[in-house]
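To begin, one chain is listed below as structure tokens, in the form predicted alone.
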Amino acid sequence: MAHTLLSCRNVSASVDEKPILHDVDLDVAAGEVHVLMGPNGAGKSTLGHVLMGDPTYELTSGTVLFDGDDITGLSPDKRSRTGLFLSFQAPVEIPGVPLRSFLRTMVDAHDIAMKNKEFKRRTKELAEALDMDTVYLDRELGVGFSGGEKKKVEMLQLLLLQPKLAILDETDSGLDVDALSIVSRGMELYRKECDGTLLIITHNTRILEQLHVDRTHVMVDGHMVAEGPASLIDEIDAQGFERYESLVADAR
């Protein structure tokens, strides 16, 4: 039986003293695919950022254990080095920094042993696997990239780092069918190459169609209100979140 890779207990968090998360519990086993769903504004992205230690969010209570270690007090860069990865809804642009240089710095910062020749070969190989024109590797990071190209860059980072757990925050947001297919391919490669663990944050089901999902979690108004098998996704797809929203309303 796979060991528990991520364990959150009674996690509450706020922004500017406004409570966002309320006593959230979450367990993710190594090698599994978990989905976190909920309506817009439910706190899903907040949880992703709290797990990565984003200082914008104040952890007011609770603990976060990763691979058996308490990482509650660690900075984002240290959490990243333990094997956590977070993709963003809106990937950043960094003028003046070529994508290839950024990726090289990222690999070095994570102490991944890769000589320059191997790095160039691997980067080119992965870019081609993601249908990414390799000319983008020498362009400024994110500058002038379409939404789909920015997502490809995130998949490229994921495949180079091969973290223990990838948290994908609304990776499907704003993507057309072709770009969505590329992102799905990136997730499949990640799963195949290192038996990676995924926590996918989303409010729709398109990106989940080609994945085997192990567990589904439902969040409403900062509360984790349900957990179950992949069949929950089909139920939500057909009926929406109204039933789960009423659970929170009735508890007040």
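Residue numbers here begin at 1 and follow the sequence given. Just so it is clear, the structure is predicted and the values come from calculations on it, not from any experiment.
The form predicted in complex with adenosine-5'-diphosphate (ADP) exists for this protein as well; it is not shown, and the discussion that follows is about that form.
Trainee: Based on heavy atom distances of at most 4.5 Å to adenosine-5'-diphosphate (ADP) in the predicted complex, which listed stretch, 50 to 58, 25 to 33, 190 to 198, 66 to 74, is the contact stretch?
Mentor: Among the candidates, contact is made by 50 to 58.
Trainee: Just to confirm, residue 46 within 4.5 Å of adenosine-5'-diphosphate (ADP) in the predicted complex by heavy atoms?
Mentor: Contact with adenosine-5'-diphosphate (ADP), yes.
Trainee: Does residue 20 reach adenosine-5'-diphosphate (ADP) in the predicted complex, with heavy atoms at most 4.5 Å apart?
Mentor: Residue 20 belongs to the contact set for adenosine-5'-diphosphate (ADP).
Trainee: With heavy atoms only and a cut-off of 4.5 Å, decide whether residue 15 touches adenosine-5'-diphosphate (ADP) in the predicted complex.
Mentor: Residue 15 belongs to the contact set for adenosine-5'-diphosphate (ADP).
Trainee: Indicate whether adenosine-5'-diphosphate (ADP) has at least one heavy atom within 4.5 Å of a heavy atom of residue 62 in the predicted complex.
Mentor: Contact with adenosine-5'-diphosphate (ADP), no.
Trainee: Residue by residue through 23 to 43, which ones have a non-hydrogen atom no more than 4.5 angstroms from adenosine-5'-diphosphate (ADP) in the predicted complex?
Mentor: In sequence order, 39, 40, 41, 42, 43 come within 4.5 Å of the partner.
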